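Only one chain is included here, represented as structure tokens and corresponding to the form predicted on its own.
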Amino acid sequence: MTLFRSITKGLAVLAVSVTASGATEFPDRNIENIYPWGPGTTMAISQIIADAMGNELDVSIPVVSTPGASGVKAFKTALEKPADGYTIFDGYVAPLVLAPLLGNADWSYKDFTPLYSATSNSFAIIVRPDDNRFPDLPALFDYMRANPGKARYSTGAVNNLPHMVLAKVLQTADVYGTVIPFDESEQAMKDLRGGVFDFIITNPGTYKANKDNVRVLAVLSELEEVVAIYDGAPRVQDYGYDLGMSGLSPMGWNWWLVRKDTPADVVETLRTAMAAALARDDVQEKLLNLGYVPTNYGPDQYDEIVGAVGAELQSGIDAIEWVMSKQ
């Protein structure tokens, strides 16, 4: 009798986990988030969201670092996985929008099914704290106007997103300098402090690690929340300059995605869990404390918002060509 009851109980548990069609309910195992960069602050941000989302689904969601080719490798890796919802694309703007614009990927943002947008991280123009030449952004632009091409700066690698955003601002202000590429932001920071650069572009993580040794001239974002992240620094538009880009365009951001042919019920389950995770106060607080602003755009806003980013980033590419033609 005891054995019979044990078998009966086991069958009942199995029956609960099986749908009428005979398939197990989603999810019944871990889900992977394919993340396009190396370990660092942005990966920690994704893991915060993944952990909260996993709590909602009662599974683990490890964030898998898959760097290479400016995020393209991660997308290709995820595209090789089945369209069953067990693989999430951590869709950063670089592989999702920028790579296709530059001819480095054969997809567009329309080739994926969106869950929710996750976070954004805005860039800022920083100088040495003791550089009295530049008390504010207008002073920097006046210097660049009086000394064409003399100001030396770095945005990291050339033709990346920070380079495009800054180039657009310089174009709208009708000033230019000389950009020096660097693969490592920390090396650019060292050279700024050593006087090699007049200014550089930074992100929240690098700023927070070095803020005692730099001064922010302006934040390259429309978002009011970013002012607090950069300790009260003004935004470009606060000086009366046109940022030249709007919405998500002038910043880094990610939108979690799945393959286009993922079943609708699976997509809905993932969306519900991600929305609940992002709405948690503790998640919002952790993200902001690390310098990342939750965006919380829903799937119904995906086409409108991401489509607009593509058009504005093209204007950033054109602005780089304008600046480079002046050098």
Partner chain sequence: MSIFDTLIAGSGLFFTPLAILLTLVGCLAGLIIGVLPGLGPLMGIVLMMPVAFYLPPIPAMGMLIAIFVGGSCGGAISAIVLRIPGTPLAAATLLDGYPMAQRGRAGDAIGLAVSSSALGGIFGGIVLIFFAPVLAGFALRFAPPEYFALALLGLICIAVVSQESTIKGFLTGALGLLLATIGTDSFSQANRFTFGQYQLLNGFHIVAVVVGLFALSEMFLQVQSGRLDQKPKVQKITVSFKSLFMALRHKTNLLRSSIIGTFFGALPGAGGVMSSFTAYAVAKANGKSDVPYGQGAEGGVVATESANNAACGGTLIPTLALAIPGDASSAVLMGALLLLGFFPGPDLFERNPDVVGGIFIAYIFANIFLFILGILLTPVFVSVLKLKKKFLIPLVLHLCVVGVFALQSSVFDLWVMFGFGVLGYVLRKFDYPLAPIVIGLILGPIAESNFRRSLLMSDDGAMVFFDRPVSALIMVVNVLLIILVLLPDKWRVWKTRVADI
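Residue numbers count along the first chain shown, from 1. Whichever C-alpha set is largest while still superposing within 1.5 Å between the two forms counts as the rigid core. Predicted, not measured: the structure shown is a model, and the values here were computed from it.
There is another form of this protein, the form predicted together with its partner chain, and it is not shown here; the text below is about that form.
Student: On the criterion of a non-hydrogen atom at 4.5 angstroms or closer, are Asn132, Tyr143 and Arg235 all touching its partner chain in the predicted bound form?
Tutor: No.
Student: Only one of 38-46, 270-278, 257-265, 295-303 has heavy atoms within 4.5 Å of its partner chain in the predicted bound form; I'd like to know which.
Tutor: It is 38-46 that comes within 4.5 Å of the partner.
Student: Counting any non-hydrogen atom inside 4.5 Å, which residue from Thr113, Ser185, Gln171, Thr77 sits next to its partner chain in the predicted bound form?
Tutor: The residue in contact is Thr77.
Student: Please pick, from Val97, Val226, Val179, Met251, the one residue with any non-hydrogen atom lying within 4.5 angstroms of its partner chain in the predicted bound form.
Tutor: The option sitting close enough to the partner is Val179.
Student: So in the predicted bound form, does any heavy atom of Glu56 sit within 4.5 Å of its partner chain?
Tutor: Taking the distances in the predicted bound form, the answer for Glu56 is no, it never comes within 4.5 Å of its partner chain.
Student: Residue-level question: is Asn213 within 4.5 Å of its partner chain in the predicted bound form, judged on heavy atoms?
Tutor: Output for Asn213 is yes: heavy atoms within 4.5 Å of its partner chain.
Student: Tell me, yes or no, whether Asn147 is in contact with its partner chain in the predicted bound form, where a contact means a heavy atom of each within 4.5 Å.
Tutor: Contact with its partner chain, no.
Student: With the cut-off set at 4.5 Å between non-hydrogen atoms, does Val175 touch its partner chain in the predicted bound form?
Tutor: Output for Val175 is no: heavy atoms all beyond 4.5 Å of its partner chain.
Student: Is any part of 149-167 within 4.5 angstroms of its partner chain in the predicted bound form by a non-hydrogen atom, and which residues would that be?
Tutor: Heavy-atom contacts to its partner chain in the predicted bound form: Arg152, Ala157, Val158, Asn159.
Student: After the core is matched up, is the C-alpha of Arg152 off by 2 Å or more between the shown form and the other one?
Tutor: It does shift by 2 Å or more.
Student: Once the core is aligned, please say if the CA of Ser108 is shifted by at least 2 angstroms between the shown form and the other one.
Tutor: No, its C-alpha moves less than 2 Å.
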